[in-house]
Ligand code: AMP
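A single chain, nothing else alongside it, follows as structure tokens in the form predicted alone.
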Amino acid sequence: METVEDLALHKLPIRNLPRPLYEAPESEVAVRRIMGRVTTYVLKFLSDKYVEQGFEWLLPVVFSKSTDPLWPDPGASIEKRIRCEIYGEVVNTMTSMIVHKMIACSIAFPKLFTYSPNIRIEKRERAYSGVHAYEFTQLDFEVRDASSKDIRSFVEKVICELIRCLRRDMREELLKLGRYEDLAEFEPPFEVYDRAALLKSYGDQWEDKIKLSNRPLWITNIPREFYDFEDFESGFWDNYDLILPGYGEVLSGARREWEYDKLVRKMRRDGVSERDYALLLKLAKEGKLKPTAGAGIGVERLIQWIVGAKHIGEVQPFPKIPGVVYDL
């Protein structure tokens, strides 16, 4: 029987990039099996929870004319965008289903969620960040007529219950991974911090400071893409990131823009092509786009934090590490 030390792949320094399953020795495969059991539990828990709360489960989109521009998000680091031609039309691989969520939530599904594959070809230097992958999955969800506080409150309850249930039902697995004691239970609400205030207090190193927190917390007011709600008078962005203790960002979300004039004004200001979002703008102009709010949870990042993996590639059977392309 393997000891905790034998199974401690997640204790290795990040300089040892994860290997795909077919290259890994049995000791590493044993760790991946345990992580796989935890992943299965987490996915079932989250799916059940969203369905119980009245969310419709949508299938994801892979190719589309419209996808997240990832601009001017200061956290984006994209080396290239994947575009291809099908049936005489140029389409993108999905970077995020934001636009699709906004439209589906406005027209048909007041509460929705999906597991969306995202393709983001990160710059090669992010191979050793430990938290970046060029292909990953987001648990995307959206709610019509919801406020940012509504979304944050819902997420807090789900995360807190998930941790309690993991410690109860996955005790053996967490012990083998050396995470049972470290994966503490929390109670809502989580503290909320304004990014502008953090920047003023800590400068550009504010992200390193907040990672030292021993509780999850929210960061709001992050200048980002055109679809996040921005108050032009105050300059406040009604959006939010969830920061996990000792780890970092695992969720990004916002209240959304839905008014035609504001969307166009922000696109022109930020240099975003209106042609790429023609349908979104048409629906907004016709009054068919409704106020919504939502978020996307990085599934691999959440699992990585839960199991204590050093690198996000450890929780992917076939790692998608920036700058590294394996045979499968």
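Don't overthink the numbering: it's just position in the shown sequence, from 1. Treat the numbers as computed from the prediction; the structure is a model and nothing was measured.
Absent from the display: the form predicted in complex with this ligand. The rest refers to it.
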Contact flag, Q138 vs this ligand in the model of the complex, heavy atom cut 4.5 Å: yes
Contact with this ligand in the model of the complex for R32, defined as at least one heavy atom pair within 4.5 Å: yes or no? no
For N221, is any heavy atom within 4.5 Å of this ligand in the model of the complex, or not? no
Report yes if any heavy atom of E122 sits within 4.5 Å of a heavy atom of this ligand in the model of the complex; otherwise report no. yes
Answer with one of D238, E249, E156, E173: the residue that has a non-hydrogen atom within 4.5 Å of this ligand in the model of the complex. E249
Of L166, I103, A133, L112, which one comes within 4.5 Å of this ligand in the model of the complex, counting heavy atoms only? A133
Would you point out which of 114-122, 186-194, 173-181, 211-219 contains residues with a non-hydrogen atom within 4.5 Å of this ligand in the model of the complex? 114-122
Neighbours of this ligand in the model of the complex among 300-328 [non-hydrogen atom within 4.5 angstroms]: R301, I312
